[in-house]
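So here's one chain in two forms, each on its own in structure tokens, numbered structure 1 and structure 2.
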Structure 1
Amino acid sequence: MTTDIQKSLEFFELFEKLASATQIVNRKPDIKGIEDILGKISAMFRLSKGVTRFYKNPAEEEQDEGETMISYDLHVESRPVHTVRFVTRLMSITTMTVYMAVDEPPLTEDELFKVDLTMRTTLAFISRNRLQDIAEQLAFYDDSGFRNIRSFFNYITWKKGSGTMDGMAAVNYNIRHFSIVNDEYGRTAGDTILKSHYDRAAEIIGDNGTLSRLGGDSFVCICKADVLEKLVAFLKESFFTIGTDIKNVRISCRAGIFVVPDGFIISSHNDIMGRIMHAYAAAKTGEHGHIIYYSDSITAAINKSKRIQQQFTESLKNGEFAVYYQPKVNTLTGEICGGEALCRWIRNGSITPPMEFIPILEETNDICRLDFHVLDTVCRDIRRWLDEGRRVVRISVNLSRRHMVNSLLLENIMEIVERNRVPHKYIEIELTETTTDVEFKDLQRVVCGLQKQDIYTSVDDFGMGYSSLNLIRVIPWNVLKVDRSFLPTDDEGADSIRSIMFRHVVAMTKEMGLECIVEGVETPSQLKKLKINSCEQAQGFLFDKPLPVKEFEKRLDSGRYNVDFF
């Protein structure tokens, strides 16, 4: 009898421990400790095994598709002796079955009562804990299993306060041209790469930080500043293999980074988020590289962008965008053989050069409206020159790549040209090279369409970006504009790489039957290089900068430049 009482006391002592260990909320439960107690109680009642099943809903239970957890197992041949089922208000179901070895005597009524009590207490805890996990999963992870933005904000909130993010950095990054990976290797492979990318980044970040997906191929993270260098190297370039035939895919990212200064006060997560997004916006333009560190000047630049975008419509209406013309010159005769229309923003008497506003307008479709305005102005000028009986030359107009997705682009161009009654031979459209297959197809369609209308087309900035010989071979261009970065400087010898490339590009262009013009000719000896290589057209400061229309008209009337000054 004493042993019975003693055993009972022992049980209640353990049970009390179990009850208190499983009651604690708002703190990570001591799973190891709980398992320990359950082990002891199981041994006390000669149990050989305990199995718990968790079903998110009754349907899962019906099909027995739940999760199984085995908390205790002596690995002996056993029979089930008792099962408890627990249903939560959310209709999730947890069941627990305990087993005894086949040769053990069955539980007495009193023993069964105690076992049952233990099982119910444990089950309530397990189901609450599992529900918490599930709630967390839903709240902080997206459908593909990546941590989400809420998790990121949660992390910042946790860290909030002055100085708690000393020595840390936050990053907003996006994988470049990821759609090409999807197009080329398929979505499944794309997803796999995305996941591996995430895993590898998370590994670099380690335990002291967090990584979340904003959506698609955009991510945000927080890490210790001392792993930042490694992370940046990874973001700049990383390689992934996919499939059985092991394709090596190169991934690079654009990133905006904020290195949190010591003592920085975070009053809301926007203090971090806003800064990395600003830095990322700067990285996106690619103007100053693909990895940009936050600084106050970035905020200033962003504000400037916003201002320009806000002013644009009004300025366009007020006629603040003027068209300047830069002469194109025949290198043999010095005659003006054409002109390029270049836009200037004239506001309150000061002139803003295009590089300060075109990239900003390119972030939205505003650039398209500007380009059409320029084309319209050019057409009106040509019409007037014709009506005034002046000598007229072909004028080229720049079209942003943004137009390529406009399926009505051709119609839009022709409408402007026709409305101004301009003979098609006086119009040339300059387009830059393209990077993706999709754009390539659009480009091909547009150029062929213009060709049919006898409107000239030129490849602008050839050699600057992703030069592809395929681009010139497949698309029927009329003119190739060699970028000034290909033009050797005065101190370069004929055997410099650039000189060699320059000679070959000019020769190739001519051989393919295209007109060749070299941009950025600044010195007599550069002009000489053009002549030696039989390149017949030049454009550059040696002759003139882009000129206001009245100045350009004077040049047209007077005729020729001196091309023999060397």
Structure 2
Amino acid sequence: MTTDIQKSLEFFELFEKLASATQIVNRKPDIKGIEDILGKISAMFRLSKGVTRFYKNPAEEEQDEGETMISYDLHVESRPVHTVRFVTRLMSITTMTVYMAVDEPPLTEDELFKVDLTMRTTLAFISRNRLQDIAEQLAFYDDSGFRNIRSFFNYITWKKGSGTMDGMAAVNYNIRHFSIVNDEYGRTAGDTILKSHYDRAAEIIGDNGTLSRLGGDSFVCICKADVLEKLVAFLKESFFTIGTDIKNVRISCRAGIFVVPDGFIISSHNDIMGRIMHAYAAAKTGEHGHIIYYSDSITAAINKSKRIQQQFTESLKNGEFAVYYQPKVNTLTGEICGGEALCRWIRNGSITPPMEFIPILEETNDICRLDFHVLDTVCRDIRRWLDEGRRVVRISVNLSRRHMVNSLLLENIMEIVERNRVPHKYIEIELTETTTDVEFKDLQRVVCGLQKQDIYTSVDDFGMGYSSLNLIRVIPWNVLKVDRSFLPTDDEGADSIRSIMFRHVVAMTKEMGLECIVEGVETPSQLKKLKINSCEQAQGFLFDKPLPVKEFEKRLDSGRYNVDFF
């Protein structure tokens, strides 16, 4: 009896330790200590093995696809002696089965009670821990197993304060043109490359940082500054092998980086996130490279963009956007044969240069509203010129690439033209070369639609896109506008590369039956080269800069420039 009492006291002492160890909620539990306790209790009751299975739902249990854990095993021939099943309100299921060696006597009623009590206590702990793991997985990981933005914010919260990120850097980046990888190698291969990229980036960052996916092929991370150079080199260029035929895929990224200064105070997520997003926005344009480090000037540029976007609607309503006209000139006769409509923002008596607001408006659909305003103004001017009996020439209006996603673009253009009762022959729509196959198809659809309405179309900045020849082979343009970069300078001879290219582009255009116009003509020497190459239309500062409507009307009234003088 004394032995039974001692054994019972020993059990309840161990059980009290087990209960205490499994009730910890504010810090990580001592798993090894719990396993040691379970091992002692198992030995006390002659158990040879304990097997726990965790199922997230009944379907997993039915298919036996859960997680299996063996907490105690003597590796002897055994038989199951007792099973406990625990079901949570979220329908997760945990089971535990204990075994005894085949030659061991069965458990007494009292022993079975104590074993059952131990198993239920352990199962409650395991179930709670696994649910916490699931909750963490759902909260901090996406469906593909990548850490998500909540995980990134959680890391920043943990670092919140002054100087907690000294010697660290934050990065916002995405993989450039990753859709091409998916298109060329398939979605499965793309997912494999994405995971390999994530794993290698995480390896570079190491334990002193974090990497999360924003979605798709976009990521944010925090790393020690001393590994930043290695990470940047990886982001600039990395190679991945896929397929049985060993194909090497090159990956490059665009990234915005914020090197955290010593003593920097983190009061909210935006103190970090805002800066790397600003730097990333600058990297996305590619104007100054694809890896951009945050600076105060970037913030100033972002604030300027926001200010312009905020002012746009009111300024448009107040008539602050005026249309200027730059004459197009026949190089042989000097006659004004057309004009290009260009927008100027006149605010508080001063003109804002187009390059200061057009790129900003192109970040949103505001540029489309401005384009339609310009087209409407041009149509009203043409209608007035016709009503006044003035000489009228065809006017070209630029449309942003942003319009290409508008399935009603053709209808929108024609509504403006028809509402102003403008003969179609006086309108020309200038469209810029595209950079993707999707945009190319949309461009083809719009140009063909305008052609059916007898609206002239011209391709702007020809020669700057990646598929220029295909552009004019497939799409039925009326006018080809040669970019000024093709126009030879005064000191270039007829045998220079630029002169040769210019000569053949003009000849090809004329042979295809297209009108050819060159922009950016600034010197008499350049005009002479146009005449020599039979390029009959030009525009540029040699003749006139963009003019207010009244000044342009005076040029129309005069009718021509003296090209023989140049």
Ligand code: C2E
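Model, not experiment: these values are computed from the prediction. For residue numbers, the reference is structure 1: its sequence is counted from 1.
- Where the criterion is the form predicted in complex with the ligand, structure 1 meets it and its counterpart does not.
- Two rigid parts rotate against each other between structures 1 and 2, and the hinge linking them lies at T299 among I416, L410, C448, T299.
- Rotation of the smaller rigid segment with respect to the larger between structures 1 and 2, from C-alpha superposition: 17°.
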